[in-house]
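Below you will find one chain, with nothing else, as structure tokens; this is the form predicted on its own, and questions on how it binds or moves follow later.
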């Protein structure tokens, strides 16, 4: 098996990895990672989390025709924290997820606002990735790892999010809204496993839900704590198309974990953390964009048919 391939054989790391580093940036940056992803004007667009030399994060657009090479990066930050008007952003904005809402003809960006009370989920919309309409905080702290479904279900918008509560338990939740502002009907969607599992005790959504003929594909992370730190690995689940509170399948194994030097060494070692994925329709491949060790951006690809087949055979 190639060292670029994950142990399950589904995802293949790009030979260009890491595809983006702070050295590529047109202005000073400590690290670049955890980018949201979408298709925009015949390009792949990444909204990259950039940590500056103070340790505060903002978001910057990078685009590529082939989604792999020749990235064009905005010369200045695209979306900066605005703590004067949105005090929940005082310590930065992080880890964006992008969902195109066809009904509104807009892109919704959910991101983490780092407030004095802890991280929470904020929302903004845009049509051009230059001008953004901020909705402000849509959850209380401590909450993050949130993304919208691309369309309403039973006439309500759906949000996946990840609150943390007593004892440090962290499960994946779902909520509903008539207007993207007021959220209710919160319930646990996927529980973290217990014991020695790779996704025991703490899990969270990575990419926005992806509609497939078999169901909504959920790409999520599990955090395995050990004596010298934590390991962030990636797993899969499938939700019912009409009722996303129903989990049809969930992988027992992780499908992408830290293995190569750029994934194992960095500001946060042993962390593979995608925030966005894009379908290459002509090839049937999913392009998964992930932050590696909270230091750089990397790419892994997989055939969607292989992902769905894996889930059928590795169902817990």
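All figures in this text were calculated on a predicted structure; none of them were measured in a lab. Numbering follows the first chain given and starts at 1.
Same protein, other form: the form predicted in complex with beta-D-mannopyranose, not shown, and the subject of what follows.
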field: 4.5 Å heavy atom contact with beta-D-mannopyranose in the predicted bound form for all of 217, 251 and 314
entry: no
- prompt: Any of the heavy atoms of residue 161 lying within 4.5 Å of beta-D-mannopyranose in the predicted bound form?
  reply: no
- prompt: With the partner left out of view, is residue 157 within 4.5 angstroms of beta-D-mannopyranose in the predicted bound form by any non-hydrogen atom?
  reply: no
- prompt: Is there any non-hydrogen atom of residue 268 lying within 4.5 Å of beta-D-mannopyranose in the predicted bound form?
  reply: yes
query: Quick one: does residue 111 come within 4.5 Å of beta-D-mannopyranose in the predicted bound form, counting heavy atoms only?
result: no
Candidate stretches 270-278, 251-259, 40-48, 64-72 - the one whose heavy atoms come within 4.5 Å of beta-D-mannopyranose in the predicted bound form: 270-278
statement: Restricting to 123-150, the residues within 4.5 Å of beta-D-mannopyranose in the predicted bound form through any heavy atom are 144
